[in-house]
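Only one chain is given next, in structure tokens, and it is the form predicted alone.
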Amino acid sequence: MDEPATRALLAELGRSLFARGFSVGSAGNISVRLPDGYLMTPTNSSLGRLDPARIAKLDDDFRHIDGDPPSKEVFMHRAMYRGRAAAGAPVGAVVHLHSTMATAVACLPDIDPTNPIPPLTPYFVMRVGRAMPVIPYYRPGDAAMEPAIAAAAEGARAMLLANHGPVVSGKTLTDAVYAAEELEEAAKLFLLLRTSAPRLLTPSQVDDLLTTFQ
């Protein structure tokens, strides 16, 4: 997909996420890898009203070279790309949302910080993976969280920022958006079933999914 088409798709998917309440106001940001750098949603922009021509462009070192200024959380995206690449699993896009259910899970004090949402459904495992750690709280826009995100990304495709929201990666822009959507649904199921004793996928079932669909 060439750059104009990628810009158009980013705006289209942003509108879809916004229309369905996965992002409100100017919350959330998305980036996608290009052959010569990255595209990233601009700072203080609404995912529901992105102008493809004004989406920020960054070079391979994440320096702003064109378009509106990028999200103040550019370091979050850089950490995900570099952490996944260090693990030998480079990704093509990163999605950060403040989606309600995933953020609600990120606010719970008694969840497992190494993997807060258990394997309830196959599609959650297929799109998000085996593990999804919780990163300790940092103020939004605080670049001090970059090392923690990069380290977590070496072992996970997605993570929750405590009291903030999810950060999800994918092989492509569409994959990353689908994974963020699946995470939100898994968080909803987890909250609905939290006081019950749901049947979870077994470790062998998880292994089978990851072997078959990776």
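Fair warning: this is a prediction, and the values are worked out from it, not measured in the lab. All residue numbers refer to positions in the sequence shown, first residue = 1.
As for the form predicted in complex with a small molecule, it is not shown, yet the points below apply to it.
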Report task. Report whether all of Gly28, Glu73 and His96 sit within 4.5 Å of the small molecule in the predicted complex, measuring from non-hydrogen atoms. Result -> yes
Query raised in the report: If you check in the predicted complex, is Pro122 within 4.5 Å of the small molecule, heavy atoms only?
Result: no
Query raised in the report: For His164, is any heavy atom within 4.5 Å of the small molecule in the predicted complex, or not?
Result: yes
Query raised in the report: Could you tell me if Thr174 has a non-hydrogen atom within 4.5 Å of the small molecule in the predicted complex?
Result: no
Query - Exercise: Pro116 in contact with the small molecule in the predicted complex, heavy atom 4.5 Å - result: no
Report summary line: Given 185-193, 40-48, 58-66, 146-154, the stretch touching the small molecule in the predicted complex at heavy atoms within 4.5 Å is 40-48
